[in-house]
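The chain below stands alone, shown as structure tokens; this is the form predicted alone.
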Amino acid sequence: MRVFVTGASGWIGSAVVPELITAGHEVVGLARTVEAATALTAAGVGVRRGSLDDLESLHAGAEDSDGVIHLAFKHDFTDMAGAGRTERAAVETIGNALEGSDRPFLFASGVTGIAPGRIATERVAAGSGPDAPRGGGEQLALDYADRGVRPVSVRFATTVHGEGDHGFVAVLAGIAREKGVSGYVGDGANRWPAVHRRDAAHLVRLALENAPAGAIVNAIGEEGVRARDIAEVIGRHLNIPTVSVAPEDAAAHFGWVGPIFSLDSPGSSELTQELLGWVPTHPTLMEDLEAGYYFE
């Protein structure tokens, strides 16, 4: 299968690419920069220059493929409304290019915040419309199932971890190093679901090949890791105290990641595992933290 991948050089995408190639697929990646294009070429990937704002390039890439994996997203936490508008435009462009072809259209979504305090299963609706998470792109894409496309939502855990991770957990470690304390919010009982990057990549490939139109699959290896447990491991490795931060002080202490680190957002992948036979086998978040990757 010739697969067009947005975000192919990103944290998840750079694990998805070798997973696809090993399985015999041909990959073409969207590259916004020369550096990204060079990295993709070195990985044995075809390159299409463009960005999420270049709708013509997105349309051409989708049209010239046997399927699309859309992983790119503008993670601009200062303008999430703008990021949502960009996502909606990208989803519509890709969906329109695939319309009537029965080709797969996988796209990244998330479980964070869609069911606060409850376990987010594959049956929980993420909301629709421009004001929903990611601009309501999930439901917008799933609606293409009625238009001759095989859309599949891949909802990733809050933290997708592994060696080289520069995401949320790495940010928390950096904040702890800067502040001299490793903090958690309130009593720290709120939970973050987690998945190893390589397990997530394997699920993406299985979903591309086998998930039915309109499916929602959860890339979750662990239902919920307590925030306090994360903070305690960070504190121990950095040899600094672990402290509680009052909820009203979370934004000041943690910055933009504070509201996210405050969430209790557990999630399940039980239905996904039954549907696709996916079994997470790589290290847990705590095992990766104990390995020291985040403190080098």
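The numbering used is simple: start at 1 and walk along the sequence shown. Quantities reported herein were computed from a predicted structural model and do not represent experimental measurements.
Same protein, other form: the form predicted in complex with a small molecule, not shown, and the subject of what follows.
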Among I119, I220 and P280, does every residue place a heavy atom within 4.5 Å of the small molecule in the model of the complex?
no
Contact label in the model of the complex: S153 to the small molecule, heavy atom within 4.5 Å:
no
Could you confirm whether L30 comes within 4.5 Å of the small molecule in the model of the complex, counting heavy atoms only?
yes
So, in the model of the complex, is R88 in contact with the small molecule at a 4.5 angstroms heavy atom limit?
no
Should K74 be classed as touching the small molecule in the model of the complex when contacts are defined as heavy atoms within 4.5 Å?
yes
For the small molecule in the model of the complex, the stretch among 221 to 229, 153 to 161, 120 to 128, 170 to 178 with residues bearing a heavy atom within 4.5 Å is 153 to 161
